[in-house]
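Here you'll find one protein chain in two forms, each presented separately as structure tokens under the names structure 1 and structure 2.
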Structure 1
Amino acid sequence: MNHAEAAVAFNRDENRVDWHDETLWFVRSKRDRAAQTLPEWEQLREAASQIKNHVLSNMHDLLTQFEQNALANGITVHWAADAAEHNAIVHKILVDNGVNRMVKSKSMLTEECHLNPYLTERGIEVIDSDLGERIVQMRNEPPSHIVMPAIHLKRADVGDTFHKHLGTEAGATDPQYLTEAARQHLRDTFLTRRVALTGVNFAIAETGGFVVCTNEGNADMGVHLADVHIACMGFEKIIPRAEHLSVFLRLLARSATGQPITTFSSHFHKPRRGYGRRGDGRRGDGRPGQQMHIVIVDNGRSRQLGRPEFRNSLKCIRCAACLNTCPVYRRSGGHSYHSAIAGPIGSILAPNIDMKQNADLPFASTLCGSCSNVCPVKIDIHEQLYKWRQVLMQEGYGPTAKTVSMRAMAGVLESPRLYRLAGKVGRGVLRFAPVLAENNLNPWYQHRDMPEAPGESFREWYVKRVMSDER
């Protein structure tokens, strides 16, 4: 289903659309208020944008520096060219440790790589520990939003899901009760999993460490109790120095949810040592120290880096401000974008991965430009949407009928004579045979009336006026 078709389905329940729109608009408004409290907001955005520009121009060096420092810290560094390689690396770590159960903290990269189904097929149980992510996982749905994965679900939907999967009372909608049920369920997961996987929000070249931001502390919960920590990152997550975090951490949560800062910003630098006394009498806890792996993924990113007009999209810090503000996203829901990252940013990232599959997405926008204005790293999102349209149509991913009619249209509009003729005919049709336009095959007419056709065009009036003036 392409975006437009999915949106038709989503819009069948208008009350739900209103609710979805208002829920997200509330977040967007909170973002505005949070930004207003910082007089230096626009300078912060500019600083973030400049740092990211620097990163994009020095990707190779920064990644190499990061690798060296991470290795020196005792972290194992893996490189994955694509999703398949990423999944295989994660799988191998699990197999090497003899583990068939894993706890995961929200990571859009693993969604992009379809890690969950890959591991499930190989007999590994994966539990997502972010509450929203866990809810959609139980429902066997992808997240519909990059920061609030279950934002498309009402409380009653969550109640039903928990009733089915966690045995809560049927019809329960009390958030306290439902959250408690989820807590108990996840607590057990945290306590029993030996391998925990997290995403990475920022990887610091200077220190070889990385930062994971969560509001529920679920990344920490998983990682602290696990023997093995696997962190997966798209290579664009790199930033040069730790001091740059101050810029990004201030922007991220304010842009995302209107909070001053994310509740947990967890810094990881090296694997945990063992504690307590070991068998040989030395200090330690008898357990070996923790293993820490970092998987650095390309999966099309270097291709995007090589497309000058689209490389800016790699500056994204995944705050979702562009989703919350997008009037189209708010009224079509995340699933209509049929891609791991929904919304305006997803629409410029997805065609890089597969132009044919995602040729509809850059058209799922009115180019209103609100996304570019909220973006904390100043990605020219709506301009990239426009550029993608050009690339996609030129590469032949447009429907033939559209191409044919656009050629015809261009032919008429570039010729003053044909234009005037077509105008006359068009107005004539509307005036004398409105049924030709007012039928349900005309998508305009389904929910809108046609404009009334005037007797004469402005030009016709103007010519008459000039002639009467000259007389």
Structure 2
Amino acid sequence: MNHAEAAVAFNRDENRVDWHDETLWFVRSKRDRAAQTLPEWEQLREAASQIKNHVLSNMHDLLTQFEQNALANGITVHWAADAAEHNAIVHKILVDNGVNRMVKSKSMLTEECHLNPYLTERGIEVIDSDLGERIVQMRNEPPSHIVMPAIHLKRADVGDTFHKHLGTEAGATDPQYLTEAARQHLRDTFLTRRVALTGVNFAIAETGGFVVCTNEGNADMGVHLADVHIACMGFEKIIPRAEHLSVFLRLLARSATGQPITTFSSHFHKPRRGYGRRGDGRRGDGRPGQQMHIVIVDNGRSRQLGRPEFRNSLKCIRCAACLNTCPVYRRSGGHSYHSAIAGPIGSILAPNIDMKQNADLPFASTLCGSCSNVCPVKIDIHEQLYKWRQVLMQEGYGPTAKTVSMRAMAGVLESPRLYRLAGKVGRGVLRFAPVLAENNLNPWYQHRDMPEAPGESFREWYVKRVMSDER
């Protein structure tokens, strides 16, 4: 089902659409107020954009530097060319450690690679520990938003889900009660899993360390109690130096949810050392230390980096500001985008992974430019969406009906005689046989009122006026 068809299904519930629209706009408004508290906001955006420009131009050197420093810190570094290789690496780490259960914090990269179903098919139980992710996991749904995965659900939906899976009271909607139920449910998961997987928000080439940002502390809970920490990152998450972190951390939370800072910004530099007591009573080496693995994934990013008109999309820091402001996303829902990352930025990234399957997404935009205006790293999102449309049509991935109609329109516009004739036919249809245009076969009419047909064309009106003036 393409975006337009999925959006029609979402739009059948008008009250939910209005609620979804207002909820996302509330978050967008919080972002505006947070940004206005910083007089240097635009300077921060420019600094972030320039740092990312440097990263895109020096990607190889920065990744090599990061690998060397990470290895020196005792981290095992893996490289994955695509999603299949990423999934196989994670699976091998689990098998090598004799583990068939894992706790995972939010990682859009693992959604992109479809890691959960891959591991489930191989007998591995994966529990997502981010509350929103856990809710949609229970419902067997993908996240609908990259920062707020369950934003499409109301409290009653969450209450029903918890009643079904956690045995809470039927009809419960109290946030504190539901949160406590989730906390008790996840606590056992944290205490019993030997492997924890996290995403990566920023990897620092200078130190070989990385930063994971969460609002719930779930990544910390999983990692600190586990014997093995696996961190998965797309290679564009690299930044040159630790001093650059402050620029991005100030932008990230304000752009995402309007917060001054993410509640937990956890820095990981090396595996935890062994602890406990040895046989001779000395502390620190009585139990094996923690393993730390980082999986650096390409999965089409090199291809995107090689496209000059689309490489800026790799600047994205996954704040979702473009989703929250997008009038199409707010009114069509995240699941209508049928890709791991929904909304405007996802509509740029998805065709790079699979041009045929995601050819509809760049057309899910009004090109109003609101996404570009709020982007904290100044990605020209709406311009890239427009360019993708041109590329997709030239490559033959446009809808057949649109391709045929555009060719017909080009023929009409190239011929003044045909143009005048088409105008007369169109005005005649609207005036004398409106049913030919006002029917459900016309997608334009399904959501709009057809305009009243003028009695004459602009050219006819202009010619009459000139002739009248000459007399």
Partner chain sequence: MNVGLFIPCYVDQFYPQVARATLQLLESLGCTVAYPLDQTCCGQPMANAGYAHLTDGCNQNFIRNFSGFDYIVAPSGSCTLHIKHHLHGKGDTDERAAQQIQSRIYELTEFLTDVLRVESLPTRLPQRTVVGLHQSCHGQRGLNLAPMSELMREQGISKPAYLLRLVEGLELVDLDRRDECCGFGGTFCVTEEAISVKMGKDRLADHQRHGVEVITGVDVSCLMHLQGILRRQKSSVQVKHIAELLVKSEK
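Residues are numbered by position in structure 1's sequence, first residue being 1. Here the rigid core means the biggest group of C-alpha atoms that line up within 1.5 Å when the two forms are laid on top of each other. Being a predicted model, the structure only gives us computed values, none of them experimental.
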item: Of the two forms shown alone, the one predicted alone; value: 2
item: CA of E414, rigid core aligned, shift of 2 Å or more between structure 1 and structure 2; value: yes
item: C-alpha of R448 off by 2 Å or more between structure 1 and structure 2 on rigid core; value: yes
item: Cα displacement of S457 between structure 1 and structure 2 reaching 2 Å, rigid core superposed; value: yes
